[in-house]
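Given as structure tokens, the chain that follows is alone and in the form predicted alone.
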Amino acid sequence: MTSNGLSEAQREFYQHNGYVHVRGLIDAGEAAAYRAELHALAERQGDNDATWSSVKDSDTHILHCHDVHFRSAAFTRLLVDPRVTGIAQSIVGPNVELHHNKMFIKPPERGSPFPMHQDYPYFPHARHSMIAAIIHFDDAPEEKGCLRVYPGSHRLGPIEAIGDDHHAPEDRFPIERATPIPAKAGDAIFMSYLLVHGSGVNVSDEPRTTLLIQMRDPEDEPLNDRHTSRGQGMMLAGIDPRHQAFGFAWEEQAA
């Protein structure tokens, strides 16, 4: 990683594989502080299980919260941290817009898996500029249900999605054959929303704590409006180059 984002070698790796593992994006002390913020947030909001419908019968559990920057100012600052936005600019381009963000806490021993999937079905865009950054606030070895990917699958384009939770066909993309990406506290994984990815069950005796940030080029038009969220459209780097007249938010809502 360079001071301005990804190195040329990292860019090439991303283009070929659809993801890049950035080690030590933030230091261990920062990661511990963010972890404490998220666990305190989870305590304030109470139970909020986000286990997918296709694995609901697995007796597992996962905590989540969308739009975390509306719940803790620490994450407002993290969203615009140049260490994050510089890498996003290396992939998306000079202008980077927030789509949404969310925390995930996989509890010990039965932290829910995520079936293999692309993010595309949830918020498809015309030019596929959408990326995700997964920032780890504690270690994520395989036994914690680390991220697993099919390298290069982003080059397939949108694939068939199955079920209410839009997971990938299990016979084509079994989770057992996906490449695990163990990570350390402070690491981040940036990936295309077309990359087939998922994660296993946390069977360890410690939680797994992450923040996911979805970002896009502001000129990349969404193909539907199913996945709007508070703060969507916030510029994280650069500008919104589109020519638009100013309007008050309440006027836009009334229209």
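Numbering starts at 1 and follows the sequence shown. Model, not experiment: these values are computed from the prediction.
Beyond the structure shown, there is the form predicted in complex with a small molecule, which is absent from this document and is the topic of what follows.
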Quiz item: Is F173 one of the residues lying within 4.5 Å of the small molecule in the model of the complex, judged by heavy atom distances?
Solution: no
Practice problem: Look up in the model of the complex whether S199 has a non-hydrogen atom within 4.5 angstroms of the small molecule, and give yes or no. | Solution: yes
Practice problem: Find out whether any non-hydrogen atom of D138 is located within 4.5 angstroms of the small molecule in the model of the complex, and reply yes or no. | Solution: no
Practice problem: Verify the contact flag for L212: yes if a non-hydrogen atom of it lies within 4.5 Å of a non-hydrogen atom of the small molecule in the model of the complex, no if not. | Solution: yes
Quiz item: If you check L147, A168, I91, L78 against the small molecule in the model of the complex, which one has a heavy atom within 4.5 Å?
Solution: L147
Quiz item: So which stretch, 91-99, 155-163, 181-189, 110-118, is the one near the small molecule in the model of the complex (non-hydrogen atoms, 4.5 Å)?
Solution: 110-118
